[in-house]
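Read the single chain below, which is given as structure tokens and is the form predicted alone.
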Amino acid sequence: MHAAVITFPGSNCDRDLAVAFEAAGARVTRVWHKDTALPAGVDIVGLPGGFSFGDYLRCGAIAARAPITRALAEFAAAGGPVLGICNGFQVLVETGMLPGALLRNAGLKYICKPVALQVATAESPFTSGWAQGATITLPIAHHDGNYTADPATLDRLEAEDRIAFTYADTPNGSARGIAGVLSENRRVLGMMPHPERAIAPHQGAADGAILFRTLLDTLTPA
């Protein structure tokens, strides 16, 4: 498996994401935001957390218009899997690859702590390593993680089984406790919690490793 990890000015979890992919067995190529094409033979693209372009305008808004983003959109449109974590989720929303918006946390404070999540669906290459309804622990670290969408969009996400994770105890005001959502073809996942920061026991939890191993196993041809 060949994974690409895109770095924007202000990304600060790009190395963590590359390490997580490598620990799961992937070969990783780092991609700069000014590149205009993804490396040949890439199987999955990861968008890391951080504060791309200083979070000016809106979180992810400038990164969504970076030169590499057109290639990313083409990759996703062709069915390529994309994982956006925290700021990466915000970028995916700003590009229109995922619905909704990520607003300032309801308490207007930055939150950094481990949280309990429920796996809302096992029907995706990202979440099939768990049973639906399983409880896992991943850390969050965000100031703008309050997922918001109009009621019709929220109803559609629920009806189409496109909510990937929900918070057991919503820390940021997210509508219906949503912590991660899937695209219509279920090949793009945006999530606020950080699985790449929970891949080994010394990090306090290793539930994130399941996501990366499952993803690579699902994508690897039999």
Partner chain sequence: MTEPEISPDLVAAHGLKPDEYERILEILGRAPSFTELGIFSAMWNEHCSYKSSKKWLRTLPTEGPQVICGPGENAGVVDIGDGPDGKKLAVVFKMESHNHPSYIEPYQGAATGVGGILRDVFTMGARPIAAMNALSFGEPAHPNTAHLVRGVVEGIGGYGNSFGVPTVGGEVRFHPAYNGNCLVNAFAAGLADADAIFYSAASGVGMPVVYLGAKTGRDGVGGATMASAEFDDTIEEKRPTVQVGDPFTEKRLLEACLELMASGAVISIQDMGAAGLTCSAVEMGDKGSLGIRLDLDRVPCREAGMTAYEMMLSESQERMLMVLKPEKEAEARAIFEKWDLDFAIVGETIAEDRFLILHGNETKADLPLSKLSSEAPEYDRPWDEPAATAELAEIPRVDAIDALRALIGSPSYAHKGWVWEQYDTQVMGDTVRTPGLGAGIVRVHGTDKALAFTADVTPRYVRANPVEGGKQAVAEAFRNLCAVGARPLAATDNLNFGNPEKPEIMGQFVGAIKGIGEACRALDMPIVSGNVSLYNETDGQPILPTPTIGAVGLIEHMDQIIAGHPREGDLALVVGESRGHLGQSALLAEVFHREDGDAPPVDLEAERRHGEFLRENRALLAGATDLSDGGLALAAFEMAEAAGMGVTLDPDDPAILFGEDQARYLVACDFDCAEALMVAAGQAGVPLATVGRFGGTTVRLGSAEAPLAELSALHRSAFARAIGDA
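Predicted model, so just to flag it, every value in this text is computed and none were measured. Residue numbers count along the first chain shown, from 1.
Quick note: we don't show the form predicted in complex with the partner chain, though the next part is all about it.
Trainee: I'd like to check something about A101: if you look in the predicted complex, is any of its heavy atoms closer than or equal to 4.5 Å to a heavy atom of the partner chain?
Mentor: The answer is no: A101 has no heavy atom within 4.5 Å of the partner chain.
Trainee: Looking at the partner-bound form in the predicted complex, is A131 within 4.5 Å of the partner chain by any heavy atom?
Mentor: No, A131 is distant from the partner.
Trainee: Spell out, yes or no, whether the shortest heavy atom distance between R197 and the partner chain in the predicted complex is within 4.5 Å.
Mentor: R197: yes, in contact with the partner chain in the predicted complex.
Trainee: Check F51 for me: does it contact the partner chain in the predicted complex (non-hydrogen atoms, 4.5 angstroms)?
Mentor: The answer is yes: F51 has a heavy atom within 4.5 Å of the partner chain.
Trainee: Look at the stretches 122-130, 108-116, 68-76, 146-154 and give the one with heavy atoms within 4.5 Å of the partner chain in the predicted complex.
Mentor: Selected stretch: 108-116.
Trainee: Quick one: which residues from 117-145 get a non-hydrogen atom within 4.5 Å of the partner chain in the predicted complex?
Mentor: Residues within 4.5 Å: P139, A141.
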